[in-house]
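Presented as structure tokens, the chain that follows is alone, the form predicted alone.
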């Protein structure tokens, strides 16, 4: 029976993968991601791209809420900043997509720092309301600053391009979105091997104790806001390239709640939880729609009956997770791993 996991060096403590089996499974996962677009139809490719964008944004929010303990309802607003930055740069400058995505992330990070300034004075629900107010204010700017954002009509942009390649189809966009999602999750994992990431966790666990230990609360809280908003800005930029149109209605308040729910369902303070939560929140509504389509031949009024039921079922699933598995999907995954670690010799 495995009863301990002692680390004998700092390198072992900081390692992302602790066993060769984990490296093997990660390599297999990358191989599946590489083969997937050649095997999947257009609908699955569409879902794969949506999950990739959701993973990036959820990872960003997980850094802020799950690892630093700062609740934010402004994720949709930060994604909107990134999307409008990409759209404006694409229309007015014609810069290649890697440059516009980085600039979108930096612009969103700058806005995130401004929104995060109250975090030294308020926290918890009060900070959530402050970020909600910022999201409403950003939505107002998206709708009313017509000379830059195009007003309610929004902006249309050309497909992403690089070295003469034009990424018009979902198949091509997959090779931008998914590799970028993998790289940004790995980058986030590396952050928590450093002093910065450990400072975030210390602030989450007890901010007064962290300050006594010499951690500058304002600096690290703003750093967390900037990093989280950078991820949201990049996700928003990918959203803009994916749909090629950006309007104020693309980033409603419900989107912020969607990502916060993804963090909670997946498991707060766990990067794997962010990935699982993003996939769950994106795929479950689609699965319910497929269920409705499957019932229609046997029950013609299924779409009429199921349409209002979908949101109820979706909400009930989230509530069920909160009640029966408060640590999220990540804890379920860890439980399965522990079972198979000793299988078939489990006592």
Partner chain sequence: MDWIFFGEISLAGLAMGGLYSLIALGFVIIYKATRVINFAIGEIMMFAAYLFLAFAGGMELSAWIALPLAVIGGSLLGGVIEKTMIRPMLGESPISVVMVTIGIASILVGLVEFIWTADPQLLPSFLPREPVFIGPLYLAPKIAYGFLIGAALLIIYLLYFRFSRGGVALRATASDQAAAYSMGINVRRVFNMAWVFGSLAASLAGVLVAATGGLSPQFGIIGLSVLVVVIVGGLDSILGALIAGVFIGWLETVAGAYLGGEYRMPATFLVLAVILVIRPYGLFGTHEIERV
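Numbering follows the first chain given and starts at 1. A quick note: this is a predicted structure, and the numbers were derived from the prediction, not measured.
Unshown form predicted together with its partner chain; subsequent notes refer to it.
> I'd like to know whether residue 145 contacts its partner chain in the predicted complex, with contact meaning heavy atoms within 4.5 angstroms.
Taking the distances in the predicted complex, the answer for residue 145 is no, it never comes within 4.5 Å of its partner chain.
> Do residue 206 and its partner chain share at least one heavy atom pair within 4.5 Å in the predicted complex?
Residue 206: yes, in contact with its partner chain in the predicted complex.
> Taking the shortest heavy atom distance, is residue 315 within 4.5 Å of its partner chain in the predicted complex?
Residue 315: yes, in contact with its partner chain in the predicted complex.
> For residue 323, is any heavy atom within 4.5 Å of its partner chain in the predicted complex, or not?
Yes, residue 323 lies within 4.5 Å of its partner chain in the predicted complex.
> Could you tell me which one of 305, 38, 298, 43 places a heavy atom within 4.5 Å of its partner chain in the predicted complex?
The residue from 305, 38, 298, 43 that makes the contact is 305.
> Name the single residue among 191, 91, 215, 122 that comes within 4.5 Å of its partner chain in the predicted complex, judging by heavy atoms.
Partner contact (heavy atom, 4.5 Å) among the options: 122.
> Heavy atoms within 4.5 Å of its partner chain in the predicted complex: which of the stretches 153 to 161, 137 to 145, 96 to 104, 183 to 191 has them?
Looking at the partner contacts, the answer comes out as 137 to 145.
> For the spot marked by 71, 133 and 319, is every residue within 4.5 Å of its partner chain in the predicted complex through some heavy atom?
Yes, each of 71, 133 and 319 comes within 4.5 Å of its partner chain in the predicted complex.
> Using a 4.5 Å cut-off on heavy atoms, which residues of 226 to 265 contact its partner chain in the predicted complex?
Counting only heavy atoms within 4.5 Å of its partner chain in the predicted complex, the contacting residues of 226 to 265 are 253, 257, 260, 261, 264.
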